[in-house]
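A single chain, nothing else alongside it, follows as structure tokens in the form predicted alone.
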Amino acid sequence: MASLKPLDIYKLLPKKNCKECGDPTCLTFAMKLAGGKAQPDQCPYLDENAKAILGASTRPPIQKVKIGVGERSFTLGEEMVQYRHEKTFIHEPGIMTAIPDTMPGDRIKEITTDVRDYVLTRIGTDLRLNGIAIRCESGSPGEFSRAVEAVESVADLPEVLMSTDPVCMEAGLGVSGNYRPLIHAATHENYQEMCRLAKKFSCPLAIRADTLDSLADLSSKCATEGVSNLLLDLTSPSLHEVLNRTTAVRQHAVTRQTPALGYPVFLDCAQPGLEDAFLVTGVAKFGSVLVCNPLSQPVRKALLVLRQNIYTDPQKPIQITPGLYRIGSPGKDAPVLLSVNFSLTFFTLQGYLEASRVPSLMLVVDTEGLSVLTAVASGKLQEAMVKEAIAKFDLGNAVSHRKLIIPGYAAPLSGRIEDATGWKVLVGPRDAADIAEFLLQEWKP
């Protein structure tokens, strides 16, 4: 079933305008339902038929699946849209570093430790790789379980166990099954045994078939076996084919045209000569689990930044927690610079202040993630807010002077801020790149 439009939903409502749902009219409620901002059971007068229709239409068309346990576990699915500008993408793909079970144990531990400890901090967020995929290349249950044990001896990371042999898979699950690894992969030939293992160990299961029709048939068979936490393996040696298949599956899912394809997507990106291209395609075009060989530093940084950019809500600015931030080791005579909690503004100013080597304080106020220019134009940045922040963060005791440097774009507020706070206001440059020169020439405590 395709997602219903607001007027389609409105036709199913009782049209009482009773306001018991919290909205003034049924039409307003219908618009919220269509946008995913309300639930059908908020209306006390819906009949059962309307509840069934609206429930099917408003719940996420892509199954929610969790991989791993504990702090590093991650969730996939629950996506609602084809394009991120329509709403947002919900759960970013997990990037899993692959190792073969034929690799020496010390090398397995070295790679696993690197994945465990690697962190890239960008705009206030720690970006990490997600886990380890163990390939059963030996065909030996003993070797496979040995490799899994080597991974688990150094890290509690989410895992993908990769083998089509149920005997090898059970050996690996005997070591890691309590940690909910992803089982890869079930086919038409082995799905009953793989489903048995998935149920026994409560693990998600990736399924693989040659065509989308065959994949839909296999997912239905696995559901019949009692396994609903599925991923669809859409791997192909052809990048063109992968792009076509991932796009088609997302279309089938979000339009609810083929519910049997409403699952997250698995891609084995370790394709000779094309791995980087497969990874970028997987991040940008609907991949949920991406398996790859160990990545170089430049590639992993670029990939993590790309993933962060695409899985950041385009309708919600990234925000910094308001507060008083210290740059260097500022003393009582350090300059104080007013800033807003739009992350790009904060980190840009912070970077230039660090480069200036002038110990400083940044007073960050809550403009709901808006930039300085936008906050001033919309009235989000006001003198009362600055006064409140000075008191809340005890700025008066942090410095011995009463001078506040405000951004150049906030110059129209300078007089009102002085009147409200009693602090002398200095209007700084519009461009943060000029802050070092401004402090050198203008700052005198």
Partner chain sequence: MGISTISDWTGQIGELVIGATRSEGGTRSRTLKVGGEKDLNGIGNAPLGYPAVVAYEIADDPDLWPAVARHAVGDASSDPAAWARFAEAEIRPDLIRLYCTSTRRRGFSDCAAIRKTVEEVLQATSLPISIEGSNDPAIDSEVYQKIGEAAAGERILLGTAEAGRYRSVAAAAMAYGHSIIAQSPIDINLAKQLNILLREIGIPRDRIAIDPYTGALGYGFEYSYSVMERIRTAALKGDEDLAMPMISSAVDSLTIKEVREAEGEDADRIAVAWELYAMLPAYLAGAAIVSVRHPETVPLIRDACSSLFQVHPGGGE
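Under this definition, the rigid core comprises the largest set of C-alpha atoms superposing within 1.5 Å between the forms. Fair warning: this is a prediction, and the values are worked out from it, not measured in the lab. Numbering follows the first chain given and starts at 1.
The protein also exists as the form predicted together with its partner chain; that form is not presented, and the subsequent description refers to it.
Visitor: Which residue among V358, L324, L243, A98 has a heavy atom within 4.5 angstroms of its partner chain in the predicted complex?
Guide: Result of the distance check: L243.
Visitor: Its partner chain isn't shown here, but in the predicted complex which of S329, N178, S238, T113 has a heavy atom within 4.5 Å of it?
Guide: It is S238 that has a heavy atom within 4.5 Å of the partner.
Visitor: Tell me whether T75, M103 and C203, taken together, all sit within 4.5 Å of its partner chain in the predicted complex, counting heavy atoms only.
Guide: Not a single listed residue reaches its partner chain in the predicted complex, so no.
Visitor: So in the predicted complex, is its partner chain close enough to N309 to count as touching (4.5 Å, heavy atoms)?
Guide: N309: contacts its partner chain in the predicted complex.
Visitor: Answer yes if any heavy atom of K221 is within 4.5 Å of a heavy atom of its partner chain in the predicted complex; otherwise answer no.
Guide: Outside the cut-off, so no.
Visitor: Look up in the predicted complex whether A433 has a non-hydrogen atom within 4.5 angstroms of its partner chain, and give yes or no.
Guide: Taking the distances in the predicted complex, the answer for A433 is yes, it comes within 4.5 Å of its partner chain.
Visitor: Is there a non-hydrogen atom of P317 within 4.5 angstroms of a non-hydrogen atom of its partner chain in the predicted complex?
Guide: Flag for P317 set to yes.
Visitor: From the candidate stretches 156-164, 258-266, 140-148, 330-338, select the single one in contact with its partner chain in the predicted complex, where contact means a heavy atom within 4.5 Å.
Guide: Result for this chain: 258-266.
Visitor: Quick one: name the residues from 345-366 with any non-hydrogen atom within 4.5 angstroms of its partner chain in the predicted complex.
Guide: Stretch hits: a single one, Y352.
Visitor: With both forms fitted on the core, check whether the Cα of V69 differs by 2 Å or more between this form and the one not shown.
Guide: False for V69: its C-alpha shift is below 2 Å.
Visitor: Determine, after fitting the two forms on their core, whether G369 shows a C-alpha shift of 2 Å or more between this form and the one not shown.
Guide: Superposed on the core, G369 moves its C-alpha 2 Å or more between this form and the one not shown.
Visitor: Once you overlay the rigid core, does the Cα of N229 travel 2 Å or further between this form and the one not shown?
Guide: Shift of 2 Å or more: no.
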